[in-house]
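First comes one chain, alone, set out as structure tokens in the form predicted alone.
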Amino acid sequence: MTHLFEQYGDMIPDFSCFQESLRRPLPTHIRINRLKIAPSSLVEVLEEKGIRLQPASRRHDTLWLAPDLRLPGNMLEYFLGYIHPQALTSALAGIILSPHENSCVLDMCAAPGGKTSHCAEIMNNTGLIIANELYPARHIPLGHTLARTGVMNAVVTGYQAQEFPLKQRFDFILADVPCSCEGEFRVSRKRDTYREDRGKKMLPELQKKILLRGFDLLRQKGKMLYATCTYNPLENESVVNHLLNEREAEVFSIDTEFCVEPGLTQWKKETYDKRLQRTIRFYPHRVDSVGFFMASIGRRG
């Protein structure tokens, strides 16, 4: 049997269950878009079509498991913007950030736009969202997502996230940064082990720069969410620890109904600030979705 992510064997609890979870297909979750339709109405519409949905959350009626849907992107409801296929843990990013109505929001790495459109929904299309994406080719799917889901309060920009202009400060910032994407891996017929690209070893330095710039763009009472879909502490706790060493930053506890593990305070020879325990880790054997790391960050005082 192939050992998956064995370098994390001492870090991930119930490691054998974790490895087994990677051999199951990733479930299909959808987010119902309140900007276009009430969740209860959409559930009824799909039930009439013989499509059964199961609630994915006790607190949020927009998050659903769709066990009967293999290709939700081919549905009429998708093109109408009623639904957005999105991993459950990915959808929790917008909920944890929870931008207020009429606030000023920056999504530093916005494409393909799922989290941006979710923030717009939470804000009820008020305020302003800057959806920043460096690569012009990715502006196409980003724009498509925003238009399809009825987002009216977003502007797309094309800066390097780590060099985003400092002229404006933001109430809420989402830094869902480029990462090694280990959390998305599931065994398939085509692959049975995760192989990391050599170029991804440079990611932690980029992530640190993006997080520092994001923090510098944050208003005094603002809130920032740092997120990756990877397990690697060098891309997670180590990056946030670097911020704590460089800026007067604070890490806030995250309230979630789902089963999570606290962030690490030590990895191999590295020791991290004890506040890293307030960050959270989603593992697929705890929450059957994409593996994620999230840190809620603000300014001290």
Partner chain sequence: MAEEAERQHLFSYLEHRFGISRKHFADYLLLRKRRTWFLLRDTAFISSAVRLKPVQAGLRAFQQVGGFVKPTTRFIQTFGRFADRSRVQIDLVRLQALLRGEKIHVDLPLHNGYVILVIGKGHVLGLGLYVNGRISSQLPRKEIRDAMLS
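Just so it is clear, the model here is predicted, and its values are computed rather than measured. Numbering follows the first chain given and starts at 1.
Note that the form predicted together with the partner chain isn't included here; everything after this is about it.
Colleague: Look at the candidate spot formed by P27, E47 and K200 and say whether the partner chain comes within 4.5 Å of a heavy atom in all three of them in the predicted complex.
Modeller: No: none of P27, E47 and K200 comes within 4.5 Å of the partner chain in the predicted complex.
Colleague: Since the chain is shown here on its own, which stretch among 204-212, 175-183, 110-118, 138-146 would lie within 4.5 Å of the partner chain in the predicted complex, judged by heavy atoms?
Modeller: Within 4.5 Å of the partner lies stretch 138-146.
Colleague: Using heavy atoms only and a 4.5 Å cut-off, determine which of C104, I122, V187, I96 is in contact with the partner chain in the predicted complex.
Modeller: Going through each option in turn, the one that passes is C104.
Colleague: Can you check whether Q160 is within 4.5 Å of the partner chain in the predicted complex, heavy atom basis?
Modeller: No, no contact at 4.5 Å.
Colleague: Does A87 reach the partner chain in the predicted complex if we count a contact as any heavy atom within 4.5 Å?
Modeller: Heavy-atom contact with the partner chain at 4.5 Å: absent for A87.
Colleague: At 4.5 Å between heavy atoms, is T126 in contact with the partner chain in the predicted complex?
Modeller: T126 belongs to the contact set for the partner chain.
Colleague: Closest heavy atom of N74 to the partner chain in the predicted complex, within 4.5 Å or not?
Modeller: Yes, N74 sits close enough to the partner chain in the predicted complex that at least one of its heavy atoms falls within 4.5 Å.
Colleague: Counting only non-hydrogen atoms and a 4.5 Å cut-off, give the residues of 266-301 close to the partner chain in the predicted complex.
Modeller: None of them.
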